[in-house]
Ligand code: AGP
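Read the single chain below, which is given as structure tokens and is the form predicted on its own.
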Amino acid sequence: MCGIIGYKGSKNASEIVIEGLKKLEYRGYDSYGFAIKQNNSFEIIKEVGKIHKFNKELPKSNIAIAHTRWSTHGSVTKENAHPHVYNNIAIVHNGIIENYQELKNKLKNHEFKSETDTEVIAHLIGESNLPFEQAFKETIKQLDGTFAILAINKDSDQILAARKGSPLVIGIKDNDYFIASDIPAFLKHTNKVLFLEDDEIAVINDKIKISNIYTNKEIKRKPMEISWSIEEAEKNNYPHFMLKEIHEQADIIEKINQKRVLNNEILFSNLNLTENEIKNIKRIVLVACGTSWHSALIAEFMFEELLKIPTEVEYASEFRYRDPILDENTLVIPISQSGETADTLAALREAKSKGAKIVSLVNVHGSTIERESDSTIHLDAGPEIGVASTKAFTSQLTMLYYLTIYFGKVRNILPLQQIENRIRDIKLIPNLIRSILNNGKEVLECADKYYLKKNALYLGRGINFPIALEGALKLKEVSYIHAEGYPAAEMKHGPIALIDNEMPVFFIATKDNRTYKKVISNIEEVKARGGIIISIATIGDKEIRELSDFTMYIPETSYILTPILASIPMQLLAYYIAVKKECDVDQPRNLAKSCTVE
């Protein structure tokens, strides 16, 4: 989850790694540090807190490594901040070394200055009598767990890098080399990148040499160009990335529509599944975490309702602990914004080992999940910097909707007229989102009225139940208000005991011919017990307004697309409440954007 960056080249490495850490701070922001090589010595700087507050001038150099931390082993202190140094070696690390205690026990008479699992790596390399590169390789072979590691030596003009389970990407610009956890760290300088694979090391000096740790075989790999622009990774006059990314959703879905539809034909040209394989899918399993898990729950409605394919949604973190039953006629869909989520990657590997077909949804091109999948559908949402996911969520829903219709056509289950109608519906969504954003005053009023509440319930039925979960998650993530999402009917099986005149209860109460009347009954149950009723309703619905203490409206759309529109006021409400409470919206406490540890 931590962010690491290294640079070697013709520019001032200190400036580049400071700038890069600020771009990586969404990965962790407990503490940070730098190791800057000058002649045959290091300048080591460590600080507790957030890198964007750092304003000291660092010495000039052409080689440096840096780290922003999301703590796992050891509390938040300067001593536990990276880099860790021993003898001539300085290292930064993202991941968890599971056998670090066993390795420490072997290093007799060594004095350790931190509580971290990472420091042992510097000691193992630094105590070796082997040349730097060989000592680095031999150390890496001893490590169990996940890691992305950068190391520099006082006596060498190299950066050494290795990865297993944690991402590392190399940026190339002429004779300048950047290596980091994620592309935005150096996107200002170059969009030409190389991705390291598991069990590979890179030696960076005047060129790059990549080899396998165990075979020593050199690996030739051509750089790829990333289509993201630097503007997409900037705030562009918005006060926070989260608000910017909420407002980007209409344009993103519009671009997806343009890319995926031509003359009412849905395009998935890179989907590595034959028509026969699509027709032979007997079961779909979606694996994901967090917000992506909520999009998977909505996809379950889509797949079962429109395709009539039995579908299951699994927490990726639990998937492999019970010997799941899979075969070649099972389609497994891992969903991950970063494409590096450790639990989702582990679930993917479990499914692959059992012969299932893998089609992943990821936002980051070249990510590990993409490289290990049979096929990948890119979200095309651009870099999402805010820790609380917004635009990636609605992009996931849009892509899953298109995948459903595409499968429906191939399997001859959706009539042509229905396909055309559903394409028409999704093409209307961008302007409907814009109308919600342009009338955001009521959401702001709701935030002003209820931001001091300590607890909240979010309730929905049918396809809107996952939006209740997502709304509660957003509120928890950015405002630190305790909130729970439930199916509205389940309220009476326990949570109704919490209802009093201090409890806001958010209902997704949009009009449909399936659950609307039932939701009204649930509202009446809360009203009878004095709860505060806040509803998301369809424009023009006076009945809901009369029952509610506060109502936010969204335009009418098809049942299956309602979650996209309903999520927008949920996102805005969480944002405005967090701002009112003066919370750090883009970097909520204890969280990180990409969960690359288990």
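Residue positions are given as counts along the sequence shown, with the first one as 1. What you are looking at is a predicted structure, and each value in this text was computed from that prediction instead of being measured.
Quick note: we don't show the form predicted together with ligand AGP, though the next part is all about it.
- Contact annotation: His93 falls outside 4.5 Å of ligand AGP in the predicted complex, judged by heavy atom distances.
- A residue is said to contact a partner when one of its heavy atoms sits within 4.5 Å of a partner heavy atom; Cys446 fails this definition for ligand AGP in the predicted complex, lying far away.
- At least one heavy atom of Gly290 is located within 4.5 Å of ligand AGP in the predicted complex.
- Ligand AGP in the predicted complex comes within 4.5 Å of a heavy atom belonging to Gln337.
- Out of the listed residues Lys391, Lys474, Arg163, His82, Lys474 is the one that sits within 4.5 Å of ligand AGP in the predicted complex by at least one heavy atom.
- Of the residues Gln249, Thr341, Ser181, Thr368, just one reaches ligand AGP in the predicted complex with a heavy atom at 4.5 Å or closer; this is Thr341.
- Partner contacts here mean any heavy atom within 4.5 Å of ligand AGP in the predicted complex, and among 428-436, 488-496, 398-406, 282-290 they occur only in 282-290.
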